[in-house]
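Below you'll find only one chain, the form predicted alone, shown as structure tokens.
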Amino acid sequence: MCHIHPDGDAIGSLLAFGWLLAALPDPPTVVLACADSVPPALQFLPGADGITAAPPAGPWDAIVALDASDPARLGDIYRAVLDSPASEQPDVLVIDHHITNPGFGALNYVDPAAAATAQLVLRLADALAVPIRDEAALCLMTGLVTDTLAFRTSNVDAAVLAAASRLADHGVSIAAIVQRTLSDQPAAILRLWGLALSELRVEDGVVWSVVTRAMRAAAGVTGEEDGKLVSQLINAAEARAAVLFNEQADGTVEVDLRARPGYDIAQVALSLGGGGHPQAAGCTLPGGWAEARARVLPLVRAAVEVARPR
């Protein structure tokens, strides 16, 4: 299973892991699960229609948690399994690259230096001498492309580019993945951006805005998508960090955090019950967005003030 509100690395790593298990000489019975539905932009991935939000009751031999920084990020389906009798509780294996991951599994393969969890799945395939099929290659490349914003993040190194080169040998088109996952946006999302950008504020190097439920209704956006607007906010020339407060249907606020290289907002997210990477993190807070703003912005400003860009 992968984390709630899944992105390209979560779904790509989940599907790729499933394809790799299917390539074993004696493949196990596998169920791929995510508490939330696959975003439309990722439904082109092979096997995406087989991901379920309601896995059958166990007992299971193991749970493999992919790209989840902590157990809460796995949602209700993970908690449901842990509510089973102790004798039926499976081992938990964690494969992740978030620096805030506490290592909540019985076995933990956590490498914060990796650019994406997909990179770790590829390493695991090599270690087990499992062949990479075309389907897995497409899913893995999607994880790499989306988590590095098309190889533009500061953690892209020779190993990441070498992994992408290997996957491209399977006929995977990086340009097509970029277009589907990072460039294409529905018109309703663009209308939502217009409403949210009208509320943009710049304060002490922190650029922030809000997406409210009223904005979604006015823009015609169904669900809780925002088109990853926070990745646009951090592009402001004045931004050292960016924050987007995103009202959820359940009354909570999803807080997305981004920072320029040299700044670290992962610890801000961790202190609020979330997690992530130094330059990309987030958390979910109870109450309204104004309350969340009062809690989050002082912490982000403090993180920006004490940091010295490398």
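We number the residues from 1 along the sequence you see. Predicted, not measured: the structure shown is a model, and the values here were computed from it.
Below: the form predicted in complex with ligand AMP, not depicted.
Residues within 4.5 angstroms of ligand AMP in the model of the complex, judged by any non-hydrogen atom, belong to 249 to 257 and to none of the other stretches in 249 to 257, 43 to 51, 57 to 65, 26 to 34.
Though the partner is left out of this view, A281 does reach within 4.5 Å of ligand AMP in the model of the complex, counting heavy atoms only. By the criterion of a heavy atom within 4.5 Å, R213 is excluded from the residues contacting ligand AMP in the model of the complex.
Though the partner is left out of this view, H98 does reach within 4.5 Å of ligand AMP in the model of the complex, counting heavy atoms only. When contacts are judged by a 4.5 Å heavy atom cut-off, R240 does not count as touching ligand AMP in the model of the complex.
The single contact residue among K228, H170, R191, R123, judged by any heavy atom lying within 4.5 Å of ligand AMP in the model of the complex, is K228.
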